[in-house]
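Given as structure tokens, the chain that follows is alone and in the form predicted alone.
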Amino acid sequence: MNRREVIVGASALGLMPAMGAFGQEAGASLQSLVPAWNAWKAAYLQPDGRIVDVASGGASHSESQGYGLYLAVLFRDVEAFRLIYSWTEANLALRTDGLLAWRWLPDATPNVPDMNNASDGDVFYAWALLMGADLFDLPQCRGRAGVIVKAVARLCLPPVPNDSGRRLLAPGVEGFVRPEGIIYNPSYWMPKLMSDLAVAFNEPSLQRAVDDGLARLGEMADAGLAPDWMMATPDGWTAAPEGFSSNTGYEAMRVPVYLCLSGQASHPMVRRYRTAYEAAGLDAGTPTVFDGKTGEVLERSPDIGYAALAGLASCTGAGGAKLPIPLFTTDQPYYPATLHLFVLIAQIQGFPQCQPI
């Protein structure tokens, strides 16, 4: 099941240099993708700053707003940054703890019927605010980022049951820490951004969650691909409860691109995905849902943003790409298009031998 339906209530690649030099260096390195960024904005960003996910009924999410603000920083687009920031603050910054409500619905009254947050959206949004504060001379954005980071550290980093030294990034404040264990989503966890925020705001617990997440993904890779959802219990890791997908699907497909964007292309979990994609092939469409343990393909899609994910994983192999990274197009929904743009960013900075075709 998709996250949007079930949520309830550093830098080895050089993608992100030292924060003081971020704007000049990162922006210059991504100039070839500016046309793709402009196309993305034209397709998914409304004039008021709302990023629309048509496939989810025209909804907007803290994830989509966080992704958009992140991209605006990477492309040094102050106009897009201001629009996205303003809309998000007016429409999703409704919680008393400073975190964002996770979803805005155009046809609902009120537009935000569920005030729960989504920690991945909060992380992307806070990182972009931190970087944008200096890049665009908006000092208030740093303070806003700090509020979010402190709230994430206080409310969304529970200890792993029976291993209290380890920390998890919980998917949200409400509904995921249960008497039987903690529901966990490996794709909510973006190592590079969390590390930057931990340093900037002196939150060692956030860095601990990064380190523990990398270790946990390494353990998972011994048995298979990362699942969309799982549960940490006092007796160990188990499948997530009913209603949460234990397959490797639309959630977990983000794991390898996040690792690549964080300088972790050699991580064992990236190798797992590379093997799975190459074994499955793309002739009948790109695999979008796997049985994480057996590698059996359960679902495929023609959207080329998903093919780009497969191509990026293939690029990380010693021999270079076996699966192509396709050129960017907005002839696909918001979600695969956004992942497609992430892939192209990672390719430019880390895998120049894998040119999109």
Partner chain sequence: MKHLWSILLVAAVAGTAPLYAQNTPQGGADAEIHLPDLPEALIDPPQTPAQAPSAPAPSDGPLPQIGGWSRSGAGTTVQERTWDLGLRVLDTSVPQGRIMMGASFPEPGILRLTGEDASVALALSLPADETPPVSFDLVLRSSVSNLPDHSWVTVSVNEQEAGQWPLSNVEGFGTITVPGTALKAGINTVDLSLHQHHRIFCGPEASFDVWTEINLPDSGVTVPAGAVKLTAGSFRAGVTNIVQRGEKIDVRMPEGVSTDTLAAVMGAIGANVSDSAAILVRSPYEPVDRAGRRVGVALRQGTGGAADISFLRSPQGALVMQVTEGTGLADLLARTFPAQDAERDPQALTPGRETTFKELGAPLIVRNTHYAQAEVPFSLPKDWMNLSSQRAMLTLDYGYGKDLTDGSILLVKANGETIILLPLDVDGGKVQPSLRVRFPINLLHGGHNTISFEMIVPGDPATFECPERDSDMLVVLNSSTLNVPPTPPMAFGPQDDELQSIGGEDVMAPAAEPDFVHTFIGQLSLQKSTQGTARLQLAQLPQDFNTLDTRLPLDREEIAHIFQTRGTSAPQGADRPQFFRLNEAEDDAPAQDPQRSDGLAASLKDWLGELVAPEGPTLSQWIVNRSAVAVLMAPTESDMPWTLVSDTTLAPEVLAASFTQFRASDRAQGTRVALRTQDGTWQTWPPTPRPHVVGPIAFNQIFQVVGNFASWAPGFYALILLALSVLSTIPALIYVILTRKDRNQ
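Positions refer to the first chain, counted from 1. Keep in mind it's a predicted model, so treat the numbers as computed, not measured.
Just so it is clear, the following notes concern the form predicted together with the partner chain, a form of the same protein that is not shown.
Between the partner chain and the residues 270, 83, 226, 197, the one pair within 4.5 Å by heavy atoms in the predicted complex involves 83. A single residue from the set 214, 160, 221, 78 has any heavy atom within 4.5 angstroms of the partner chain in the predicted complex; that residue is 78. Contact check for 43, 106 and 239: none of the three has a heavy atom within 4.5 Å of the partner chain in the predicted complex. In the predicted complex, the partner chain sits within 4.5 Å of a heavy atom of residue 243. Using a 4.5 angstroms threshold between heavy atoms, residue 294 stays clear of the partner chain in the predicted complex.
By the criterion of a heavy atom within 4.5 Å, residue 319 is excluded from the residues contacting the partner chain in the predicted complex. Using a 4.5 angstroms threshold between heavy atoms, residue 266 stays clear of the partner chain in the predicted complex. In the predicted complex, 282, 283, 284, 285 are the residues of 262 to 294 with at least one heavy atom within 4.5 Å of the partner chain, listed from first to last.
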